[in-house]
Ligand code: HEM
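Given as structure tokens, the chain that follows is alone and in the form predicted on its own.
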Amino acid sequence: MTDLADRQARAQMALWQDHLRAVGDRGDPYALLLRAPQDPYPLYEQVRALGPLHQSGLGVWVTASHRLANKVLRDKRFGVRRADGSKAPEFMPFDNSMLGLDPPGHTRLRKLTVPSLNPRRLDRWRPSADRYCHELIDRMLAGRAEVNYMSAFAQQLPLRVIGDLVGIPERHRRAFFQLSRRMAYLLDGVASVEVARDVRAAIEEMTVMFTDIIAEHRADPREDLIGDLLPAVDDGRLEMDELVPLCMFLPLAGTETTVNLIGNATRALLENPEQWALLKGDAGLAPAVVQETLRHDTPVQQYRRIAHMDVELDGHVVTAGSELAICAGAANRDPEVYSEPGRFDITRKSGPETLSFSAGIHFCLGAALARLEAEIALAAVAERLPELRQVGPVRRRDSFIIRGMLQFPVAVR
């Protein structure tokens, strides 16, 4: 980035932050949400009180309605890019990654990737995930009585599983973890020019690393995501400059979701002793814990969509090019579809599907894997760490998109 571009970016960031602050100071609940509060749920209720759809003082249309959010996520008149294919200003450079594309590019890449993440295919990783869980728990029990649950367990399991699934050699795993931490701002929303610069540098380093890994797979073919996709490069269905971003960003998105699903579920259990007791008494309730956590404290709190044409929604006209913020964390607690939505209850009767993995064409490809890992992890924790308890305050991520913790101090015995 040149000095001039750097100064322009800083000026634009400062103007945006001043505008956000001014609108928030006037009490706009969506602007206040963008300040990444520790507890966003009271603000979601303020959003809900403004109706199924309203326009924030920031110009963004906002919904906390499960019905309307589900409708928009499935509506092909909305996309993640503008109708001309350009990105929204705040989007970071996903480039050719499927995460930042609309059809037809998204459709083609998703079709190529789906077989590797098919729920039946994922069963092959169940024994590995179970083994990794017990290895991590063994390590915790053999060490200090108090640990940071996130770094000791919740972050480690998904990284090991995704490393196997994608085909990341052991010697690259540590670098992948470190680079993923730096790139996580792609999901959080970049807060400064300095962070944006570091994210771009991490992407460049990750690109070099995966180019090396892919070359190694060519010389020594394996059964993993890279091995599955290389034939598509050879026959022209996939370009190499599309394969590398897929290898980078799919693991990043999938890992972040799973890390925070495990962390949020464990904290909710410890905050609700009667629910924790139920799981300890019956590890078969782990899938119910995962489902209720996805509803009650979803790792991905918001999605953004852009209208590709004028769309009438609930008596409002959302004009082409307008942005719409879908508050999934609020939609998953919509009292119109969930009884006592603020209560964490793993015995809850099944209701409408949550929006925790989005919906429609952008439904999360790794949803089945995230569920599988979290279910295995929670069952193992309930069995092996029955005395687990929180021993200090948590430190949350500074994000209005990803809800999770950086520090979660617990005693394991």
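Every value quoted in this text rests on a predicted model; they were computed, and no experiment measured them. Numbering starts at 1 and runs along the sequence shown.
There is another form of this protein, the form predicted in complex with the ligand, and it is not shown here; the text below is about that form.
The stretch that touches the ligand in the model of the complex, counting heavy atoms within 4.5 Å, is 364 to 372, out of 364 to 372, 53 to 61, 381 to 389, 36 to 44. The closest non-hydrogen atom of T257 lies within 4.5 Å of the ligand in the model of the complex. Contact between R237 and the ligand in the model of the complex is not found at the 4.5 Å heavy atom cutoff.
Residue contact check for A307: none of its heavy atoms lie within 4.5 Å of the ligand in the model of the complex. Using a 4.5 angstroms threshold between heavy atoms, L261 counts as touching the ligand in the model of the complex. In terms of contact with the ligand in the model of the complex, the residue from L285, M140, I203, I162 that brings a heavy atom within 4.5 Å is I162. The partner is absent here; in the model of the complex, the one residue of R110, H217, R82, R74 having a heavy atom within 4.5 Å of the ligand is R110.
Within 4.5 Å of the ligand in the model of the complex, a heavy atom is found for not a single one of R131, Q155 and G404. Contact residues in stretch 103 to 124 (any heavy atom within 4.5 Å of the ligand, taken in the model of the complex) are H106, R110, L117.
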